[in-house]
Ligand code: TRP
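Only one chain is included here, represented as structure tokens and corresponding to the form predicted on its own.
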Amino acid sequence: MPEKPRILTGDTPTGRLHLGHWVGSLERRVALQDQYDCYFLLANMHAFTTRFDKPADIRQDTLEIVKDWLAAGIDPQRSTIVLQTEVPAIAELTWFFAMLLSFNDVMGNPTLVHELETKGLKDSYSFGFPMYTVGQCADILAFRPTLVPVGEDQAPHIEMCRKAARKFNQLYGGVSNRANDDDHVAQGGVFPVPKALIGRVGRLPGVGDGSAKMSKSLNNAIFLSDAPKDVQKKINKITTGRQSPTEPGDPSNVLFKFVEAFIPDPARVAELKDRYARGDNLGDGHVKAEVADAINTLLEPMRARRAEFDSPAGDAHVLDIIKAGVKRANATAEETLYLAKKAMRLDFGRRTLA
């Protein structure tokens, strides 16, 4: 195991990242780079579960996410960027974990059930779609992390991953089924039982009435690369039902979810909430302008950094970063795979990836 505790988390390339990604996980990834051995995964294989007919889009989205990561402050010198399709150990471990997890474990996963409903897949999904939940276990455990920073909606995936780690360690590593999760490696288990690390905002609502979480597919997202005027325009879409600045308002409404998430001064947040609740001549428009200013202050350095990569030369630089990350990632994942095969009595030799 590494000297520093290890973290693994990542994103499926479905387009540019938005503020929900930032408060849910990304800001914490940036902050933890010095304290932890960080691996950040691009789940481009999982993108094929719903967009198998759009390979060019998936490739471009993969590059866009790396640009967003770099713009947000992910440092490839301090952290390892992992491209899922270039790490064959992940696919092999997915197969092994598929034997340990039951059909009900997979199909009963609340996040999977929700995605099948919201994406309107019902009985039309591919066989690979539910398999991605098993693949997420392999994504994580291939790097043997102790923590997985995720948004609140991803917690069920982490719980299934924890179940897979426990079952593997008990079956093949001789770990007692009474062992505490923190003791599995010390008792001979291959995999730490990782814990979810939920971001400071578990679920950021989308602009509009806030009935759904922020999402590109729902067209209610503010992207990290949005221009200042676009941020203001999107914030103006937030609806509260309030008619007058002298009308007492509900400071737990969708607008104030953004106040709490992005205005950095707690005293100012408390003042706004108090005046809003009392109807003290504080209109929604004033609050929206202040929120937009706070978001633009947060995003301005990200826009500046991202501009360095929005060119053909920038794409080439991103590809070099990905290749360097893949080399480091494979060294770790191959070691994990060998340890897992050894525990399963499948250690017929070690391989070297070129």
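Don't overthink the numbering: it's just position in the shown sequence, from 1. None of the values given here were measured: they were computed from a predicted structure.
If you look for the form predicted in complex with this ligand, you will not find it shown, but the lines that follow are about it.
S.K.: For the chain shown here without its partner, which stretch in 147-155, 69-77, 233-241, 258-266 has non-hydrogen atoms within 4.5 angstroms of this ligand in the predicted complex?
M.R.: Contact criterion met by 147-155 only.
S.K.: Among Cys38, Ala43, Leu26, Val291, which has at least one heavy atom within 4.5 Å of this ligand in the predicted complex?
M.R.: Going through each option in turn, the one that passes is Ala43.
S.K.: Pick from Ala165, Val87, Ile222, Ile140: which residue has any heavy atom within 4.5 angstroms of this ligand in the predicted complex?
M.R.: Checked against the cut-off, the match is Ile140.
S.K.: Taking 4.5 angstroms as the cut-off for heavy atoms, does Tyr132 touch this ligand in the predicted complex?
M.R.: Because a heavy atom of Tyr132 falls inside 4.5 Å of this ligand in the predicted complex, the answer is yes.
S.K.: Can you check whether Gly10 is within 4.5 Å of this ligand in the predicted complex, heavy atom basis?
M.R.: Gly10 belongs to the contact set for this ligand.
S.K.: Can you tell me whether Gln136 touches this ligand? I mean in the predicted complex, with a 4.5 angstroms heavy atom cut-off.
M.R.: Contact check for Gln136: yes, within 4.5 Å of this ligand in the predicted complex.
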